[in-house]
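Next comes just one chain, in structure tokens: the form predicted on its own.
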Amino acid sequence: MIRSLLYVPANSEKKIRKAPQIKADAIVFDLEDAVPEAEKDNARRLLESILSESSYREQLRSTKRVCLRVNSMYTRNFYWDILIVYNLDPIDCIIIPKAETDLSFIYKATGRTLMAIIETARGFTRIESIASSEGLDSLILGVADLALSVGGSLESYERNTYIRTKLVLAAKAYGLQAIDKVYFNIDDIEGFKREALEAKALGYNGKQVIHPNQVSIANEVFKPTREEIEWAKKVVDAYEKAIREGLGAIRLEGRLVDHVHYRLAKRILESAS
């Protein structure tokens, strides 16, 4: 499970070198929005240079996922970004912004796991085609570009429960993780935590983060609570005993428990391990 997805500008040597120390579940070296057009070639060269250092690669070993956010498929930079992936062994995941179509060809060409950012009107209308892409393991919500895509206000789309729910439903229907949107006010820690809790309640697995002070909160919020773990253990133990006795549903502390609850409990225990 990816609880925190930290974006790191690929044109900042200082931030690239600091990233492994922040303890995010996933580090995303960003060649897209974080890098001005005139800096993209330099950013690619810098990233290739640093990721070739054995000492830096060793630092990255403690990170669950090391990702590269490439530029939009509809730009020339996308193809230059994909080319350098072959020289970046630590990169095990490619994040595709403004995804609007089946992405299987990228997985087949690179062998890297994919994550897709759904952030355009066309992307949302084609979300099932994207979600069924070979090699995809996560859908990511991008509201700023979505608001721009439809000519709406960012504030309205940040509060839009339908959009957030639609992405979760598509992700879960295809067995993918769902990663919630960026919280742009990096000084509002309480606001970030509140939004993360809302996302968890909707079924999101984690959240995009743009500042180190958001990482530990995301990691904590999306980790199962002690009460959730204790209840999940009870459900698993009781249901597995019931199965051995030939029962399909049981009553546990006044609550009905069947196979769906058993699977949810197993998921909680897996994400806690």
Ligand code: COA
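All figures in this text were calculated on a predicted structure; none of them were measured in a lab. Note that residue numbering follows the sequence shown and begins at 1.
Absent from the display: the form predicted in complex with ligand COA. The rest refers to it.
Partner contacts here mean any heavy atom within 4.5 Å of ligand COA in the predicted bound form, and among 198-206, 125-133, 154-162, 179-187 they occur only in 179-187. Ligand COA in the predicted bound form is approached by residue 34, whose closest heavy atom lies within 4.5 angstroms of it. When ligand COA is considered in the predicted bound form, residue 8 lines it closely, a heavy atom lying within 4.5 Å. Among residues of the shown chain, residue 259 is not one whose heavy atoms approach ligand COA to within 4.5 Å in the predicted bound form.
None of the heavy atoms of residue 263 is located within 4.5 Å of ligand COA in the predicted bound form. Site residues 45, 50 and 81 are none of them in contact with ligand COA in the predicted bound form, judged by any heavy atom within 4.5 Å.
For the options 211, 233, 223, 64, the residue carrying a heavy atom within 4.5 angstroms of ligand COA in the predicted bound form is 211. Within 4.5 angstroms of ligand COA in the predicted bound form, the stretch 54-74 places a non-hydrogen atom from 69 alone.
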